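Listed next as structure tokens is one chain, alone, in the form predicted on its own.
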């Protein structure tokens, strides 16, 4: 059943990613930024996927902390890795866009700084898991909860502080020709997240089973 679902997600995600460049090319140019504004169709979905991954990691970590379910821990570590991956896409695409829009690669304003901090929190989570020793899973779960709690602040920061970054009302005000490609790209990135999560959780389950075999052989 899981293998069949995985195959279906691969096919659907492939369709979205093959068609996305065509829809993005058809989208109208923004009047002031021109072609470079089309980074928007990669930048915003990558951050959306990062936020989803952070919430999944945090919720799974909470279940692991309070219920002790090992599958939740595997989901958490898999999703934390994807927070870092999608966050890196956002941190690379953002400055490429900012250089044209703002004239600088980076601004230490609220949104950008908090997004960078959020990304680094999940890097800390992975480092703790890797090098923290016995019991580091529960410590890392606490870090994941802290990271998840930061997501709403990152999202809402542009509406609270004056920043060079556009506010959250940009997407609802897009012209129809831009709205379609954005939602298409957003679904594509979320499908990519689901696909990577399924593969990574399966890999983590197999790794745990292999470690169990090694422990039994040692005994």
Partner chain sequence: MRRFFTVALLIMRKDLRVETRSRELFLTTLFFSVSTVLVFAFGFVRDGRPVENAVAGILWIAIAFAGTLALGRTFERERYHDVLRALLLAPVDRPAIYVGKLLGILALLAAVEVVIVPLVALLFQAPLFRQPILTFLLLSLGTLGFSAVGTLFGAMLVRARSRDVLLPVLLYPITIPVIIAGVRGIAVLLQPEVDVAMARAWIGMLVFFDVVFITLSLWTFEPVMTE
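Fair warning: this is a prediction, and the values are worked out from it, not measured in the lab. Numbering follows the first chain given and starts at 1.
Another form, the form predicted together with its partner chain, is not on view; read the next lines as being about it.
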* **4.5 Å heavy atom contact, residue 104 to its partner chain in the predicted bound form** => no
* **Any non-hydrogen atom of residue 128 within 4.5 angstroms of its partner chain in the predicted bound form** => yes
* Does the 4.5 Å heavy atom contact test between residue 160 and its partner chain in the predicted bound form come out positive? -> yes
* For residue 78, is any heavy atom within 4.5 Å of its partner chain in the predicted bound form, or not? -> no
* Have a look at 149-157, 51-59, 180-188, 35-43 and name the one stretch with heavy atoms inside 4.5 Å of its partner chain in the predicted bound form. => 149-157
* Structure fact -> When its partner chain is considered in the predicted bound form, the residues of 61-79 having a heavy atom within 4.5 Å of it are 65, 66
